[in-house]
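One chain comes next, on its own, written out as structure tokens in the form predicted alone.
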């Protein structure tokens, strides 16, 4: 019986289990997760703070997933060392796990610059795990002033989750725009107006230079008083398990299209890896749940003797703030269609005759059509692209394409 070990219980790890079981119903699977709780949807943690979901509804695949899949899940345990020659993983506490095939799905951890005076802040948090959400739930009440450093999607989702729990929420960022990594000069202002209308104070192009207890001295010279601090500047892939074992890493763990690392019988998937981005051809960390899920499934399939590839990875974001829905994907540098209003935005981007990216804000319906065009590199001169820009549907694609997508129901 083949022995599989998976390090990490997030989207990539769960999907890796499914990939293995798609080909090997009998092999022994052991999953090691540093988190003390079973599989859950990390995007739900802000909704938990808002009171829109409960702990009993946060499981991604159901509370009985590991039982159904016959997985020995070890929670609250860390993988400390990987020995690829002996094919063993040493766990916290000293226990060793042998493996025939191993997948590292170690995700990422938050990082923070070394702010002067940060040690004087009593109540400071990050916001990437359920444990973070539970800690903030206990720390914040109706008299609490919250300062969030970072106006990316993590910081802004935290702001959304805390707005109705706290007295005030202020978000600052050195970047001049909200979600500057995903949105542009047309779309960011729409989001910023919406957030401020919903009671979030934004201080953009401005960040903390020094902390003094519950006071932040800003780059602008202003001061901000707060009771709770959340650092949401970014995350770093967890690569040390592979790099310490001699494996190749860049910003993330280096993998090929089969999700194989440079170490024998070792795969990796999810936010700890770096992959080729389809629209640019560049290698980078594609940290978003759909990519992690596809990578995990691909790795698991191949660990069990399959021949799957992950070759359609694109940068994506799908998110909402106080009812304003946003989707962006791919490379957004060469606009070919722009439609901007006070409350919404649609921008499509293309290069060399194929769609490379989009930004949708407000109405995000049928975004899957644009995503499919990007992933499949569909030549735009083979479809009625003007119609697709304005009213996305499958009708402009022709009968053969519709038959392929709809299984003959055209």
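Residue numbers count along the first chain shown, from 1. Every value quoted in this text rests on a predicted model; they were computed, and no experiment measured them.
What comes next is about the form predicted in complex with a small molecule, which is not displayed.
- Taking non-hydrogen atoms only, residue 17 never approaches the small molecule to within 4.5 angstroms in the predicted complex.
- Although the partner is absent here, residue 290 lies within 4.5 Å of the small molecule in the predicted complex, judged by heavy atoms.
- Interface membership of residue 29, defined by any non-hydrogen atom within 4.5 Å of the small molecule in the predicted complex, is ruled out.
- Using a 4.5 angstroms limit between non-hydrogen atoms, residue 33 touches the small molecule in the predicted complex.
- The chain is drawn here without the small molecule; in the predicted complex, the stretch among 39 to 47, 364 to 372, 340 to 348, 65 to 73 whose residues come within 4.5 Å of it by any heavy atom is 39 to 47.
- Not one of 151, 159 and 358 places a heavy atom within 4.5 Å of the small molecule in the predicted complex.
- This chain is drawn without the small molecule; in the predicted complex, the residue among 180, 318, 262, 144 with a heavy atom within 4.5 Å of it is 318.
- This chain is displayed alone, yet in the predicted complex one of 280, 206, 128, 254 has a heavy atom within 4.5 Å of the small molecule; that residue is 128.
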